[in-house]
Structure formats: structure tokens, C-alpha cells
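What follows is a single chain, given as C-alpha cells, in the form predicted alone.
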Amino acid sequence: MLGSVALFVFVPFCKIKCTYCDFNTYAHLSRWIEPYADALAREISWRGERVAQGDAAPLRAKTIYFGGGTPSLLPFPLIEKILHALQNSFALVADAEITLEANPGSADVSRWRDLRALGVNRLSLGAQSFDEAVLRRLNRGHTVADTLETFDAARRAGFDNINLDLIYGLPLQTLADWRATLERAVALAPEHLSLYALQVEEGTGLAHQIARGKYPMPDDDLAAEMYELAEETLDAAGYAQYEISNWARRDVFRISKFEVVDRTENLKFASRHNLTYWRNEPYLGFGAGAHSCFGGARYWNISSPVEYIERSGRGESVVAGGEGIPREVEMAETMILGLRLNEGIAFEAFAARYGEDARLRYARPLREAREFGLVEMSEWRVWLTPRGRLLSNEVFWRLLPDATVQNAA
């Protein structure tokens, strides 16, 4: 949507730290939650004034996403305060998508109803697995029963747009284990599923456990089999894969004999907020460590929530740094992010945005990727093949500016 942005609110608090997590999150800091919400409201107000268009007209916002961490840990009045600050500083479109991330067991029917009445219309539940042993190994702090109860409570509260996050490629996880998790997830009939391959990040609890020999390193070949199983299982269950790691139920807004059912624009439950990132469109992030991309630059906030609160309280900037985005970098990022979508990059749209033909600018990397069976091309667009989705980095690095000096060769 031209002239609008996506808004991201980062909540860094968790009850416990998962063994695989390398996000900017913190456990046992509950005493800072209320002052953090106050600092968020101040940053939102300040940022809204800075980016206002024209005669102090507020910038339009198409989505709001409360991410973390565990945003559902915030008491209802604090979520209300933050949301009101956003509504006062930005002009939300009438059908704005408002998502809240939550961990199973973190809310009951009454609280979900309150959030629904407040305007939250999409939930993203961090189920991660329907295997009790896996949840214990990951130190998730919830059980399978918690997931089932939370999902049911959200449904009874009126939520009709729910995402489930799942992780695969875990140490000791078998293909049969993953199949069972997929089957239980599908049985709940969520509108959306996000499936992520485990990445063992340096410094995490899981990395230390693997280094000590408690668990083996994940098997990349097995993870690839799990991914292919997910593609088959979810397709058969009525879900359209529209991005490398994301599936939406095949409900559509409209359809005619001239349209493709699985085009992202037709999928009712595709994540509109995340589409902003994949289409390399502007977004504003609020909170400790949050990133923004707006006006040809990107910038990020200080990571420490305590320092974020203290600086905000003193009326100081919470921005830690920033950088301009060179045109060639932005174009490459648009190609890379757009290729994550199953529909890929439309050449006409790229040309309208940058005044260049992607087929010419990226001739060499696209030719190589096509020869390796990683992409397919038509007269109108380029997209990843199933093999390309498994080996996407083999395509992406070729599109980076330093790798495309001789594209026209």
C-alpha cells in the first residue's frame, strides 16, 4: 500500500530463556515491564511526530505486530496503552492487521476476549512442537496440553486468524516425530503455519549442550526431508505455501478464472505484516533492539531494555545507529526478499520501482541459478523451484552487489 508502513513493537521479556534462542530477550526482568511500556509509548509518540507527512498529517499504518520475547506477558492495561499510543501517532487503515505473539499457557478466554475487543485480530502462538520430550529439551516452559488449551481459548474468544510456529531439524528429532507434530497442528486447523529449520546459534544454551556432547548436531539432510514432508502434508491439508517458511489456508478474498488461487494477494490469511518485509517495504520498529527501514535508511535501537528505559526517561534518543541504503543494495535486497515468496519477483513491478529490467541487471546470477535448477522464469516473473527453496542461499548470495559486478556478461 503506497504511503503506508508496518509497525513493529518489540517486547523483550520472557518467563524463561529457551535453549535455542539468540534473540534480544531476557528472563526474570518482570519489574521492568511497566516502565518499559511507558518508554515504548514515549518512543512511539516521538517517532510519529518525526515521520508525520505534510501538514502534521500522521503517517498511515497498515499493520501492527507485537513481537518478542513474549508480548502476551504484558498486563492488559499496558498493551492497551501501547496500542492507544500507536493509534494516536499513526493513522491505522480501516482493516489494519494487528498481531500479538503469545506462548501457550499465557492467557485465558477472558483475556483473549479483552484483546480481541481492543482490536487485536491475529494471534501467533509459539507452539514449536507437539512432542513433550522436544518441548522439555528446548526449555519451552509449556506443555502440549497448554498449546491445545490456549488455542481453544483463543477460538472461544473469537479469534479467527491464528498462526502456529513450529520448529524442525532438532537434535534427536526423527521424521516420525515431525510427522506427528504436523498432523496434530493440522488437526487444529489454524489459518496459518510458520515452520522454521533450527539454527544452532553461537552462545545459546543449545550450542553449549551440543559442544559438551549432550546432543548431536542437527542433520541437514534429515531437516531437508522434514521440509519436503511439510510441503506434502500441508498441501494435502489445504494450505498454500506462499513463502519459504510460511503457509496460509487456501481461503481467498476473490477468485476468477483468470487468477491463480495461490497468488499471495488472493490468500486471505497470508501474514500482511511479514509481507512488508518480503516486499522490502518501509517499516518502523519500537523497543529495545528494534530495527526500522524508512526513507532510504535503516536504523536500530539500543539493545538493553534497562538502558532503553533510562534513556527514554531522560528524554534522550534510544537510537543506537543507522545507515543509508545504497540503491544497488536496495535492489538486491528486493530481489532476495521477494524470491522468498513462492510467486517470486514480477519483472514489471521491479522495473516500475527501479527503472531497470531485473532480467538484464541480474542476467548472470539468474542464468546460473536456472542452470542449477534453483529458479524458473517466465516472460513475467522469476521464482524459486522446490529445489531452490531448499538451497535458497545458493541463489541469494549471487544477487548481492559484490557478486553481480559482471551480471551482464
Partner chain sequence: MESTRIRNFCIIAHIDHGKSTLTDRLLEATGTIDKREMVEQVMDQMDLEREKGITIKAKAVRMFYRARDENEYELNLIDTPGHVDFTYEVSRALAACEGAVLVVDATQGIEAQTLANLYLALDHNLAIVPVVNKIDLPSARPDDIAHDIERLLNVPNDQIIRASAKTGAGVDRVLEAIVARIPAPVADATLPLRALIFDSKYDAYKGVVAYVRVVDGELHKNNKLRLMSSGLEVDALEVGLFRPKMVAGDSLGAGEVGYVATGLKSVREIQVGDTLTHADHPAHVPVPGFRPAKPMVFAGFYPVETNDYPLLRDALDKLKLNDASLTYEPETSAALGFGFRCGFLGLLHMDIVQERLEREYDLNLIATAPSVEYHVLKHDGSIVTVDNPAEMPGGEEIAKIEEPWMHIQVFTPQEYIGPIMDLVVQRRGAFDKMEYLDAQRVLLTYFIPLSELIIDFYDQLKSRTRGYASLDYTFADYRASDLVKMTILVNDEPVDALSMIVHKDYAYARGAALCKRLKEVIPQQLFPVPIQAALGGRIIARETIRALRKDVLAKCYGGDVTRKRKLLEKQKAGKKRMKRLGTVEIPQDAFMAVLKLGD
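None of the values given here were measured: they were computed from a predicted structure. Residue numbers count along the first chain shown, from 1.
The same protein also has a form predicted together with its partner chain, omitted here; what follows describes it.
Contact with its partner chain in the predicted complex, defined as any heavy atom within 4.5 Å, is confined among 83-91, 277-285, 179-187, 130-138 to 277-285. By the 4.5 Å heavy atom rule, the three marked residues 108, 157 and 309 all fail to count as contacting its partner chain in the predicted complex.
When you look in the predicted complex, the only residue of 220, 95, 316, 232 with a non-hydrogen atom within 4.5 Å of its partner chain is 220. This chain is displayed alone, yet in the predicted complex one of 215, 76, 294, 196 has a heavy atom within 4.5 Å of its partner chain; that residue is 196. When contacts are judged by a 4.5 Å heavy atom cut-off, residue 392 counts as touching its partner chain in the predicted complex. The shortest heavy atom separation between residue 396 and its partner chain in the predicted complex is within 4.5 Å.
Although the partner is absent here, residue 147 is not a contact residue: none of its heavy atoms lies within 4.5 angstroms of its partner chain in the predicted complex. In the predicted complex, its partner chain lies within 4.5 Å of some heavy atom of residue 245. Residues 364, 368, 372, 374 of 352-377 are found to place at least one heavy atom within 4.5 Å of its partner chain in the predicted complex.
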